[in-house]
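Before any questions on how it binds or moves, here is one chain, the form predicted on its own, in structure tokens.
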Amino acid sequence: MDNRKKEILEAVAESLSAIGVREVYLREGAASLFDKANEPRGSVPSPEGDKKELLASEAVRCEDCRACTLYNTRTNAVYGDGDIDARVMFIGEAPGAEEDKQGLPFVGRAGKLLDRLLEEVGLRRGEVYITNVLKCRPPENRDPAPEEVDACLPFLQRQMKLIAPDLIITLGLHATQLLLDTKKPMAKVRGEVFDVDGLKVLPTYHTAAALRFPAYKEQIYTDFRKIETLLDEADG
């Protein structure tokens, strides 16, 4: 089996596992769905097309996910948004009320602040990719429960693999502790650059925290100003 077939099968298997599916029975001839990988050059979809289709499929599976109880209270699953070829990926904690309503990440007050801070360092929202650890809003915006993080983790891992950014910026404590596998407080890790399985990770405060504590806004801005340098370093 070539790498493209493996990637497609892995994506399907991970997504089905995330929503609790343990067995799959294929109809006769279903294997032909993967035969396109052997078609002559020129008729095979581009890697970008494959990525787009895989992410779209993941988003549909996310919307149908029943792996934890949050599906009972959500309006929409909030998978992610932005440039699928982005060099910078932002990972927050969980959708809020406005995100749950619109089905898009960071579209409330915290999202508007994120947009302004991005503009201040010369980036537009459409140039980055934005998602959260949880894809469904916890009731009353409470902290994510461990079982909810576990249920959503396969979706996040697949996003990171498919987007393949040069830099991940974690927004807030929950995303930071998850990706860095640490219990350290934000004050101990914020603004430092970490290597996580070959990916550069830059933790900073969540923009929602900056709405409550204005001093955080300047610190987030200081961290965002490192983006250009870090991308230059990635270019070698």
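Every value quoted in this text rests on a predicted model; they were computed, and no experiment measured them. Start at 1 with the first residue shown and count on from there.
There is another form of this protein, the form predicted together with uracil, and it is not shown here; the text below is about that form.
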Check: Might Glu93 be said to contact uracil in the predicted bound form, defining contact as any heavy atom within 4.5 Å?
Finding: yes
Notebook entry, point to check: Could you tell me if Glu99 has a non-hydrogen atom within 4.5 Å of uracil in the predicted bound form?
Noted result: yes
Notebook entry, point to check: Any chance Phe106 has a heavy atom within 4.5 Å of uracil in the predicted bound form?
Noted result: yes
Notebook entry, point to check: So in the predicted bound form, does any heavy atom of His206 sit within 4.5 Å of uracil?
Noted result: yes
Next item on the list: Please name which of the stretches 85 to 93, 69 to 77, 150 to 158, 115 to 123 has residues with heavy atoms lying within 4.5 Å of uracil in the predicted bound form.
Entry: 85 to 93
